[in-house]
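Single chain ahead, written as structure tokens, the form predicted alone.
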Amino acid sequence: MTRSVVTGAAGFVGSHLAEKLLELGHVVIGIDNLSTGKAENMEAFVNDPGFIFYEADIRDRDSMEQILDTHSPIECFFHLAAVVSVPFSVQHPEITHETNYKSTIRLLSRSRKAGAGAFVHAGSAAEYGNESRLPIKEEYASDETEHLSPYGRTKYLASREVARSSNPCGVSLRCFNIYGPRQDPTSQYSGVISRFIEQALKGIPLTVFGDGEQTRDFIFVEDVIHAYLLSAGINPANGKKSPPKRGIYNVGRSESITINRLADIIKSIIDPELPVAHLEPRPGDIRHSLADISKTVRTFGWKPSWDMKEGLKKTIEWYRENPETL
């Protein structure tokens, strides 16, 4: 059976990825220090006989060595664990650099010794800084890019090094604004969608920073999972394998939507009468963001399949079924 490692397996995206790999028949070695990930995100599959979980920190070299020695050989290494809070990265740049960059490089090297054919890294749209050219192409991020935080800078440095690796085949996915079930609306760095849904289900005004005409490119988590699998050479429909595709790739819908329009759609699903409260703009917020996904579509044969409204309905349904998360 194929062995895959998923770091950040208790996180929002990592838990969905681990669950899908198990459905495809993989043995999944999940790693998470539970600093931001939640054990309840793994409830649906934690007792699956193919799932092996380690509560461990990716910065702990001895723990990582022991885990990979125990489970070698592995075929696919999906690296999603990271410092993901921009404010935390500003306050703790050294920890962010150690976690997001240095630990990634060590794991890339160690996965080679474990026999991995693919190393897929969770990049970020933050690697582009305050990019004004739209839609944003992969080559727009460079060593000269003025990143807005240590988070964005360390993600860029890690993506650059991962994409240079041919053994294992290095892939970095720069995902734009991901949303879906299991996203934590109470988190300090939660996305606007989970925050709006929480407010709407509680019957309180939806809070919009600034005029609400800023635009974002939102992508449903299931589409993101398919991109992860295809980048590693795994067919998400049947698990069949093909060679992974080295490089850096954008993952988004390549469609922009204003925050005002997003609020209107969520209101239409939950309660059209809910008011919207406009707050002062947040310093440093990017005005517009839109992914160019042509390289990803061309290379993987991937394209997003979830319509925005249908993805929001699915997400809202999950929150209604799991009110304890609000």
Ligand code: UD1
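Fair warning: this is a prediction, and the values are worked out from it, not measured in the lab. Just count from 1 along the sequence shown to find any residue number.
The discussion below concerns the form predicted in complex with the ligand, not included here.
Checking S190, S132, S72, N235 for any heavy atom within 4.5 Å of the ligand in the predicted complex turns up a single hit: S190. When the ligand is considered in the predicted complex, only one residue from F119, F220, Y249, Y151 comes within 4.5 Å through any heavy atom, namely Y151. Across the options 160-168, 103-111, 223-231, 192-200, residues that bring heavy atoms within 4.5 Å of the ligand in the predicted complex belong to 192-200. Within 4.5 Å of some heavy atom of the ligand in the predicted complex lies at least one heavy atom of R282. Using a 4.5 angstroms threshold between heavy atoms, A141 stays clear of the ligand in the predicted complex. Not displayed here, the ligand is kept clear of Q91 by more than 4.5 Å at the level of heavy atoms in the predicted complex.
Within this chain, T145 is remote from the site of the ligand in the predicted complex, having no heavy atom within 4.5 Å.
If you take 115-147 and check each residue for a heavy atom within 4.5 Å of the ligand in the predicted complex, you get A125, A126, in sequence order.
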